[in-house]
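First, one chain by itself in structure tokens, the form predicted alone.
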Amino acid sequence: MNRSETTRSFTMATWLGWQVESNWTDPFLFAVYVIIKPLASAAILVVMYSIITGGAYNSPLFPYIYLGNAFYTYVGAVMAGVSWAVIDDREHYKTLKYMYIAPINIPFYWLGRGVSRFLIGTVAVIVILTAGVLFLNVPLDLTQVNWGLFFVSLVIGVTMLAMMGLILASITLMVAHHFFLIGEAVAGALYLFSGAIFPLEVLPAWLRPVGYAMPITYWLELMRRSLIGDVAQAFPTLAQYSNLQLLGILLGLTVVFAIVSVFTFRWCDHRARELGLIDRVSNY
């Protein structure tokens, strides 16, 4: 597979994924949906925090939680977006077998299908952050943001999530239709272990290693530090690490997940071909 075919696979899948995600209604209703959905999810967290703390929005804990929850949107969007392409093509449109005989790179096709969810997730993150600054006094000053750290961390983090999504997509080749929420299920499970809404010290000691082994933990910490600096570093979980150390850990874990995704795809793809699962519809 040459570079032009790989690029074509990715760009074609990106266009296709956007058409699938956005053509179920007219543009106005789609825009309303993209804006209202993240606001509703953020409102649930804000109400829970308000009840538990008595409305202590000036506490440094609030921006820690709020930013973690905002950027965790990418986890479900990217991971589920990549893995959902298998179910969508195999069970809904029944075109996965045609994709396999077409001159495209299947992993890059799946990654391209996840771009549309990434774009929608980006809008959601912007909406949540804007609402937090305007109405909840989240201390986000754009002139004080470490933009270099922000964009480097974002690129590495999204790449890491895409690799995790590719692992889930490969596994999805081997499972039936009723596991169609595998991306959301994994994202929901990792929500507890990534420090998204509370420091890992809250977890029992025997569960904390799970959080430390997940690259999402370090990525969320970097996103917080790039946006609000010392406020995020006030929490003890990763305070002993510098920004450069966190970047190194995140990059190393991203490489590990990328290698695992390659071998997982090769094994699952081989087994799916042998067992005739590429075109086996299981939606009953």
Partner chain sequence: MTHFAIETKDLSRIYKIRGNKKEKQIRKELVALENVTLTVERGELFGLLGPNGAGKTTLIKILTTLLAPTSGWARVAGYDVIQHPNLVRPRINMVSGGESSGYGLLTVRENLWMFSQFYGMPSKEANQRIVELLKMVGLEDRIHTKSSDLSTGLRQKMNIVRGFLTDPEVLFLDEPTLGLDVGAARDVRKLIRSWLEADKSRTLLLTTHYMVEAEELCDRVAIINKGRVLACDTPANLKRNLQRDAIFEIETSPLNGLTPQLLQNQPEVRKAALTDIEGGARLELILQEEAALASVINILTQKNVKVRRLTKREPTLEDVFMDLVGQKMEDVEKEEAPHAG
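Numbering follows the first chain given and starts at 1. Being a predicted model, the structure only gives us computed values, none of them experimental. The term rigid core refers to the most C-alpha atoms you can superpose between the two forms while keeping them within 1.5 Å.
FYI, the form predicted together with its partner chain isn't displayed, but the following is about it.
**Student:** Only one of 198, 212, 151, 100 gets a heavy atom within 4.5 Å of its partner chain in the predicted complex. Which one?
**Tutor:** Selected option: 100.
**Student:** How about residue 268: is it within 4.5 Å of its partner chain in the predicted complex, going by heavy atoms?
**Tutor:** Outside the cut-off, so no.
**Student:** Can you check whether residue 275 is within 4.5 Å of its partner chain in the predicted complex, heavy atom basis?
**Tutor:** Because a heavy atom of residue 275 falls inside 4.5 Å of its partner chain in the predicted complex, the answer is yes.
**Student:** Considering only heavy atoms, tell me if residue 12 and its partner chain come within 4.5 Å of each other in the predicted complex.
**Tutor:** The answer is yes: residue 12 has a heavy atom within 4.5 Å of its partner chain.
**Student:** Might residue 117 be said to contact its partner chain in the predicted complex, defining contact as any heavy atom within 4.5 Å?
**Tutor:** No.
**Student:** Within 4.5 Å, heavy atoms only, one stretch in 106-114, 70-78, 202-210, 186-194 touches its partner chain in the predicted complex. Which?
**Tutor:** So the stretch in question is 106-114.
**Student:** Any chance the CA of residue 22 moves 2 angstroms or more between this form and the one not shown, core superposed?
**Tutor:** No; that C-alpha moves by less than 2 Å between this form and the one not shown.
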